[in-house]
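Just the one chain here, laid out as structure tokens, in the form predicted on its own.
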Amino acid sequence: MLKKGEGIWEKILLKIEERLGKGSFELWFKPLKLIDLKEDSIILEVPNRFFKEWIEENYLNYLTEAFSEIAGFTGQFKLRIAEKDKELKKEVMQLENRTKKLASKGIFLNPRYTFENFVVGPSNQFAHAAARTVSEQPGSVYSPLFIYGGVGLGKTHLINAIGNYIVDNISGLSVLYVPIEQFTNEVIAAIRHQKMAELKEKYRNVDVLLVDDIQFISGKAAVQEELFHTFNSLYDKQKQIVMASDRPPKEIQDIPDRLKTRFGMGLIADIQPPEYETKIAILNKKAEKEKIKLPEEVCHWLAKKIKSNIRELEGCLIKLAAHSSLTGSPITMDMAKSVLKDVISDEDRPVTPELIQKTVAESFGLKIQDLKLKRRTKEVAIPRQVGMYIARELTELSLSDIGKHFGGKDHSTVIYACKQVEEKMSKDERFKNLVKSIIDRIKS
């Protein structure tokens, strides 16, 4: 039940500031206004589309947890744009209406993720071409299509684009997009409530199945079993299956070989980190679409400083646009360096393994020597994995060299450590924030 009373919004804001930190809170949450508070929905007013997009994609969980903890609220959040630009408000309303229309049919695609909005470069050209082919001829070629690549490189964008294209251009086909976490929850609920027949009916009778973050099926036997039979059923009927993962099939841990074999039966396409020119194109296209006046020197500075992650690249642009819209100041080089100082270090000071070890050890209450020992206790193993992950992200060292600095580990151990950290970050928000804070300390 929703607890009503004086100062509830202020209490929630204090809770969010406590979790998020003053800088991010001041920028993203202080400008929000509570418009309506009901038992099943809450309406918040945001200054413009930049805030709406950023909060929906990055901070909705903070709102959800704070409202649940303080007010006992478990309903829906609605973010309403306050800006006066009628054209932009109309565009946002169209996207929201499309989302609702698709959701009413059981299709939960992101309407922003289309092929038209996807910037193609050498790093993703093959995956993009495969996705376009599949969307135009679903079930005829490349089924399954398995797309893999690092975090924030566009995998989710591509598989949503496939779904959106089919929905818009090929009538009569049923499309189902599902993150593997949702599939997992549905399997567990179906087993608990003895509704497996309904689950099978839902997943084995679609024309196009799009499964995101397939790597998180690792170690879940019951879910693997259901996915195996779902895969076989759709494959035998020549339906289209598309999967996205942060690693190729053979590197997904704790799944049976029969699943790995099936994942690789069609076409496997990888997405690599974008080249400098592709990053420039991404920034310019995003700026043009969002009507952001981005100076050329700021664009090139961002492309140079953000090494690999498209999501972070676009996030920096949105952050600059939000700050500009609030202050009424144009985006300049000085403003960009000031606003993004916690994200981008302007000094090209080399990050050393010793600096990483020192910062990680301090953060976990250990001695630097502990990270170099061969002990495998949880208290040491997790910090060591974090250290290796950060070394991979912030240095040019080879995997073998990173391993040597952390207790003489080989390159395969470093790869495993990085994957463990990435997986834990995707599931545990506090752990993710801890790792990010360590990285920020190292950069500064």
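Since the model is a prediction, treat every value here as computed from it, not as a measurement. Throughout, we count residues from 1 along the sequence that is shown.
The form predicted in complex with adenosine-5'-diphosphate (ADP) is left out here; the points below concern that form.
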The listed residue (145, 208, 336, 310) that reaches within 4.5 Å of adenosine-5'-diphosphate (ADP) in the model of the complex by any heavy atom is 310
Partner-free chain; cross-checking adenosine-5'-diphosphate (ADP) in the model of the complex, the single residue of 113, 77, 364, 235 with a heavy atom within 4.5 Å is 113
*Answer yes or no: in the model of the complex, does adenosine-5'-diphosphate (ADP) come within 4.5 Å of a heavy atom in every one of 247, 385 and 423?*
no
Using the partner position in the model of the complex, report whether residue 156 sits within 4.5 Å of adenosine-5'-diphosphate (ADP), counting heavy atoms only. yes
* **is_contact(residue 118, adenosine-5'-diphosphate (ADP)) in the model of the complex, heavy atom dist at most 4.5 Å** => yes
Taking 4.5 angstroms as the cut-off for heavy atoms, does residue 282 touch adenosine-5'-diphosphate (ADP) in the model of the complex? yes
Self-check item: Close approach of residue 152 to adenosine-5'-diphosphate (ADP) in the model of the complex, 4.5 Å, heavy atom
Solution: yes
Here the chain appears without its partner; judged in the model of the complex, the stretch of 221-229, 191-199, 156-164, 336-344 with heavy atoms within 4.5 Å of adenosine-5'-diphosphate (ADP) is 156-164
